[in-house]
Structure formats: structure tokens, C-alpha cells
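Just one chain is shown here, as C-alpha cells, and it is the form predicted alone.
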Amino acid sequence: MPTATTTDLVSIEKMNLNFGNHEVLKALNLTVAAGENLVIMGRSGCGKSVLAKCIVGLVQPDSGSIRVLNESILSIAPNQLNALRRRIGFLFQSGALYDSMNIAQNLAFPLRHHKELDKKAKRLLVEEALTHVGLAENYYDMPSSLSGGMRKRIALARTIIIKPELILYDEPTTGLDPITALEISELLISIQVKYKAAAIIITHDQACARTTANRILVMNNGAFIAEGSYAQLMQSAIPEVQALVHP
């Protein structure tokens, strides 16, 4: 694994987590550089999503260290943690849209803590985010009227509306057909280019990993077992890696 540096936006060292007698995360080391798309691949249940929750302070590991945006997640005060989370975008696997709100209201929801923004400024941010994902004309639509791919785009727009420094994508293409999944993967690249944000992309989708990754970590049973580009992992002799990267 790369050695952590002061410019890394995420740095995890020797992190362990048990749920009862079950080892969930085992001696994990991880770094994410500024502007990097780091993909974490692994089968369902291997610990990927739990790792993401640790990074944003929703789950506390048993040991190790986690630094995010130069803050120690394990020792930060609750009010400072909340402030830190406002600099982080999180795309939930389900999208987590509010069905009782229209699209504009869904996007404006994360802005409620930004008291410095007036109504006009918030509207401009909503319009900008919707334009970026190609859904500017759906401003007043309800989530229930949209396709799965459109709902995913709206969730992406809500993730980037705060212009985060770090984004965590949890299975961004799950449940989508191959063409729509590719469109979402290409959107992740465009977000990286426009917003210069670093990202951790959690997926078991080979095409998504191949399209979006600057670097890939492969997780199996709570531990990282391989690292490299998609092309490098294609040459791996590890059976669990081969099963993930070969169609």
C-alpha cells in the first residue's frame, strides 16, 4: 500500500473492526490522494460498505486510525464531525431520495445547514447540479415519476451540490442496465474532472471499476488482497481477484 502523505485526503492505518466474534475489517491500510478516484472492489458482504461508514464516522472501529481531510475521525468532537461531513458527498446505494419532495427540494435539502446561502444562491446551485447530470428540465418532477437511471442521476446531483472535497459512492451502478450503468460511470468521471474531488467508489461492477478507477483495491473477507490498475489486476494470479475482474 502507498505510504500516507500530508496531502492525502484519506489515510487509514491498521484499522480493525469486529462485530461480536466476526472479524469485519482486518488491519486495513488505505490512502486516497487529492483528485484520485479510488475503487474498492469485492463481493457483497466483504466489508466495503462498513469501511465507508467508518470513514464518515458512522461506525467506530475497534483499533487503528482514520484521518479524513486532515481530521482524526476517531477523536473529533461531534460538532466538528458534523462540519466535516458537510465537506463530504455520499451517494447511498439506494439513492435515498425523499419521495415526498420534488427534485429541486431533494437537492436543496443538504443546503439547509449552509446559512450563508440565500434563496437565490441555493436555486442556482440546484440548477447547476441538475444541468451537470442532464436533468435541468426535471426541476419540479417527483422522484416517483423518474426511471431508475434518472433517480440515480438526481442522487448524484444532490451529492455534488455542496461541491464536496471527497465523495463516497456506494455501489453507484447497482440495479441499472448496462447502458445506463455506463452513463453513470461516465458521469463519475465528469464529476472528477469538474469538481476536482477525490472519490472512493465501492463496487463489484467490473465495467464501472474499469471506467472510473485511477487505482483499485480488492477486498476479500475484510482485508485488502490486491492493488493496482484494472489492467494490472487482470494479470493477478489470486483466484478471488480473477473472479472479480474477468467477465
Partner chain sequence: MIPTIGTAIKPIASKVISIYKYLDRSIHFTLQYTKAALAGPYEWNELFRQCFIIGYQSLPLVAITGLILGIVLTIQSRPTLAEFGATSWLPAMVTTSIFREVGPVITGLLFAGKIGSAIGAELAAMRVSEQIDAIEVSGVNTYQYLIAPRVTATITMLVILTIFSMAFSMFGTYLGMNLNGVLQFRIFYVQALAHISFIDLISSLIKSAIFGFAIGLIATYQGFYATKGTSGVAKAANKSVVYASLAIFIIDVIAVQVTAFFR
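Because the structure is predicted, anything quoted here is derived from the model rather than measured. Residue numbers count along the first chain shown, from 1. Only the largest set of C-alpha atoms that superpose within 1.5 Å between the two forms is called the rigid core.
Absent from the display: the form predicted together with its partner chain. The rest refers to it.
Shown here without its partner, the chain carries F19, E23 and A27, none of which come within 4.5 Å of its partner chain in the model of the complex through any heavy atom. The chain is drawn here without its partner chain; in the model of the complex, the stretch among 171 to 179, 67 to 75, 147 to 155, 110 to 118 whose residues come within 4.5 Å of it by any heavy atom is 110 to 118.
Mapping the unseen interface onto this chain, Y98 counts among the residues with a heavy atom inside 4.5 Å of its partner chain in the model of the complex. Its partner chain is not shown here, but in the model of the complex it comes within 4.5 Å of a heavy atom of N82. Although the partner is absent from this view, A34 stays clear of its partner chain in the model of the complex, with no non-hydrogen atom inside 4.5 angstroms. Contact between R86 and its partner chain in the model of the complex is found at the 4.5 Å heavy atom cutoff. For the options R43, R215, K53, R210, the residue carrying a heavy atom within 4.5 angstroms of its partner chain in the model of the complex is K53. Fitting the two forms on the rigid core leaves the C-alpha of S144 displaced by at least 2 angstroms between the shown form and the other one. For A155, a C-alpha deviation of 2 angstroms or more is recorded between the shown form and the other one after rigid-core alignment. When the rigid core is held fixed, the Cα atom of L74 travels less than 2 angstroms between the shown form and the other one.
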